[in-house]
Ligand SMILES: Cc1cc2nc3c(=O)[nH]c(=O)nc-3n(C[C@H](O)[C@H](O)[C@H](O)COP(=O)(O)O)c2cc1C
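A single chain, nothing else alongside it, follows as structure tokens in the form predicted alone.
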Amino acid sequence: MVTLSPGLKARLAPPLKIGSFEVGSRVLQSPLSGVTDLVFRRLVRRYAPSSMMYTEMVNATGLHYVKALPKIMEIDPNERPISIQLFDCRPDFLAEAAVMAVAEGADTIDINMGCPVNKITKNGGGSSLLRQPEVAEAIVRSVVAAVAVPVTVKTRIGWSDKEINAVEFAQRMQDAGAQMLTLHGRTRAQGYNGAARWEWIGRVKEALSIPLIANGDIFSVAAAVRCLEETGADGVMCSRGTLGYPFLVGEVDHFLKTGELLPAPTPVERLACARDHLEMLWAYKGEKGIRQARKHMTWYAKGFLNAADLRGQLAVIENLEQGVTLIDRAIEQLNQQGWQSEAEEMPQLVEV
């Protein structure tokens, strides 16, 4: 039984203030590499219209040298609130990229200082900045000076168990001008293994005056509420829990505002959403969208008997018609036969 304490409800009732910018939800959709494109954000926003969304992270060095902005920076003029996430280790390139992002319509600029992937960290970006706090501070100061919108930071609790510096690092980001910080409760060395250490999020919250958003292991409404109670954070960011389940942000948001648990979508409803996702990716990206859709389709096909067979078929679709036929056939079978639960493991991906 999930309950919303009066104290938590009262604490989270006002809008989330990021500098001068107000957001009507305390539940945010994490930037996810290869996932949070315009199509995915539209699906999440169906159920969470007032939540902050984030683009996939954008390489500031790439922006410096290319003439055309990458498609991952494209945002719908009507999708608000929206943040464009940037990464790099060069303060001047990041400032330049931030100006471009604001011109594209970003309400805030988020700087990634938490991605654990080697190809990012070996070039000085992502979580490697935890080991270079002076560079990280210079980055924030440079971006803050370049744009009028709020600048935020997403990071981790440290590089490794021997190098946990979350409190000091967060304070430096705040002093440099960051207006909000999102903290993933794992070290870079952990990757996505082990439990997120929410106790460190609580310690950082006590040390800051700017809003702190908790990230890591938010796979359900119950987990979100427990995290908020334990950490005192100003909000939660959903990441891997939204893969094949764009309903999660809206479910948590609804509960925090009303104390009411929404009924979970049935397998048929999830597959209908998968079909929408597939059709939208085809309309937006064509054949490339079909290739990208394969992983999404396999994430949706979980939690019912024979889902594994459907996943195997969806993982190799070559065109829109093939995918729609498979999904419609599965929906028809579920409607005729009902469904039985099948235990599944959570998917893995790069959470930035």
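Fair warning: this is a prediction, and the values are worked out from it, not measured in the lab. All residue numbers refer to positions in the sequence shown, first residue = 1.
Form predicted in complex with this ligand: not shown, discussed below.
Chemist: Which residue among 197, 188, 240, 277 has a heavy atom within 4.5 angstroms of this ligand in the predicted complex?
Modeler: Result of the distance check: 240.
Chemist: Which residue, 218, 249, 201, 178, is the contact with this ligand in the predicted complex, using a 4.5 Å heavy atom cutoff?
Modeler: So the residue touching this ligand in the predicted complex, by this definition, is 218.
Chemist: Just to confirm the contact call: exactly one of 285-293, 301-309, 315-323, 31-39 touches this ligand in the predicted complex at a 4.5 Å heavy atom cutoff, so which is it?
Modeler: One stretch meets the cut-off, namely 31-39.
Chemist: Wondering, does residue 192 line up within 4.5 Å of this ligand in the predicted complex on heavy atoms?
Modeler: Contact check for residue 192: yes, within 4.5 Å of this ligand in the predicted complex.
Chemist: Taking 4.5 angstroms as the cut-off for heavy atoms, does residue 57 touch this ligand in the predicted complex?
Modeler: Answer yes; at least one heavy atom of residue 57 falls within 4.5 Å of this ligand in the predicted complex.
Chemist: Report yes if any heavy atom of residue 85 sits within 4.5 Å of a heavy atom of this ligand in the predicted complex; otherwise report no.
Modeler: The answer is yes: residue 85 has a heavy atom within 4.5 Å of this ligand.
Chemist: Report yes if any heavy atom of residue 127 sits within 4.5 Å of a heavy atom of this ligand in the predicted complex; otherwise report no.
Modeler: Outside the cut-off, so no.
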